[in-house]
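Just one chain is shown here, as structure tokens, and it is the form predicted alone.
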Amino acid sequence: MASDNSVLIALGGNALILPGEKGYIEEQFAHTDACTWPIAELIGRGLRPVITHGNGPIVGNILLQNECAKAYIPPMPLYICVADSQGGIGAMVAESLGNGLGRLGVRRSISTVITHVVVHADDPAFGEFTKPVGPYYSDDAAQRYMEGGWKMRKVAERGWRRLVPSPRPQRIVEIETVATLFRSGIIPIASGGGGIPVIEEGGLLKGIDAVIDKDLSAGLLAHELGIERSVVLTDVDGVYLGWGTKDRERLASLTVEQAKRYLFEGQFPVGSMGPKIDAAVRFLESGGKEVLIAGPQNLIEAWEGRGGTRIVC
């Protein structure tokens, strides 16, 4: 199915709403345009991508809308909020990428697929609520929600946040739809935000409140499509040792064994680069050939070998 010019491109959700921004739609479109323009240029050179994305601050805003309007409109469960974010972000990415291709004179169809991802009901993560989601709450509000069954954690002086499970992705329900689009030359946008988490009960799917790690879900998407190369676009221009120190050093390349060693040493924190490196290792160990980590602004030079970080077998 896949060819030498096939690649999975994963856009980081935090690239669409930057720290300190309100998240106005004009801001989100400006950032989406900036992220997709270099992708459009590479498509013009013959690249055949499948695109996935995070949903970071955006699904948090949707959850906050739930809270603000709950006296008037029934709040929706988290997995439906993930579906909402897939549709909204997918629409922005498709519009921005389509406009970029149009400016280059390249005609390609783009399709956003609302994507469910199966997780195991007995995944140990359902006993370990570790993923923070949604807005910050006061002590009084947090107490009420915890009495109602929520798991919550206080984050320094900012307040309390809801915690949800983060189970491992097992199967992408709409994979045949995505594969059919891809084979037909259409650019699919799929598995946004890690996918809508569902469990199987008696052969039926049932949505469940959880957040699937988007990097692991992206790796599964690439594996099921037979794609051997992956690009992770994030808010830094590569992978660094000593991040946050004056002696930080960008790594031009990493082997799987080096990546695993640095992970073990704690070079890549859990809340930032760690999940991306872990997902890259799993992707390569399951048959992938290369993972490129870069920022959207330096994607072209990273693709040409002049930036970013390449992780290889």
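Residue numbers here begin at 1 and follow the sequence given. Quick caveat, the model's predicted, so the values are computed rather than measured.
The following text describes the form predicted in complex with a further copy of the same chain, which does not appear among the structures shown.
Margin query: Please determine whether each residue of G23, C68 and G207 possesses a non-hydrogen atom within 4.5 angstroms of a further copy of the same chain in the predicted complex.
Written below: Per the other structure, all of G23, C68 and G207 touch a further copy of the same chain.
Check: Considering A83, V164, L225, L216, which brings a non-hydrogen atom within 4.5 Å of a further copy of the same chain in the predicted complex?
Finding: It is A83.
Check: Which of A142, A125, I110, V118 has a heavy atom within 4.5 Å of a further copy of the same chain in the predicted complex?
Finding: Here the answer is residue option I110.
Note to self: Using a 4.5 Å heavy atom cut-off, which of 152-160, 125-133, 86-94, 226-234 contacts a further copy of the same chain in the predicted complex?
What the structure shows: Partner-contacting stretch among the options: 86-94.
Next item on the list: Considering only heavy atoms, tell me if L64 and a further copy of the same chain come within 4.5 Å of each other in the predicted complex.
Entry: Yes, L64 lies within 4.5 Å of a further copy of the same chain in the predicted complex.
Next item on the list: May I ask you to state whether Q170 is within 4.5 Å of a further copy of the same chain in the predicted complex, using heavy atom distances?
Entry: The answer is no: Q170 has no heavy atom within 4.5 Å of a further copy of the same chain.
Item checked: Close approach of G148 to a further copy of the same chain in the predicted complex, 4.5 Å, heavy atom -> Flag for G148 set to no.
Item checked: Proximity of P74 to a further copy of the same chain in the predicted complex, heavy atoms at 4.5 Å -> It does: once a further copy of the same chain is placed as it appears in the predicted complex, P74 has a heavy atom within 4.5 Å of it.
Notebook entry, point to check: Who in 171-196 is close to a further copy of the same chain in the predicted complex, meaning a heavy atom within 4.5 Å?
Noted result: E174, E176, T177, T180, L181, S184, I186, I196, in sequence order.
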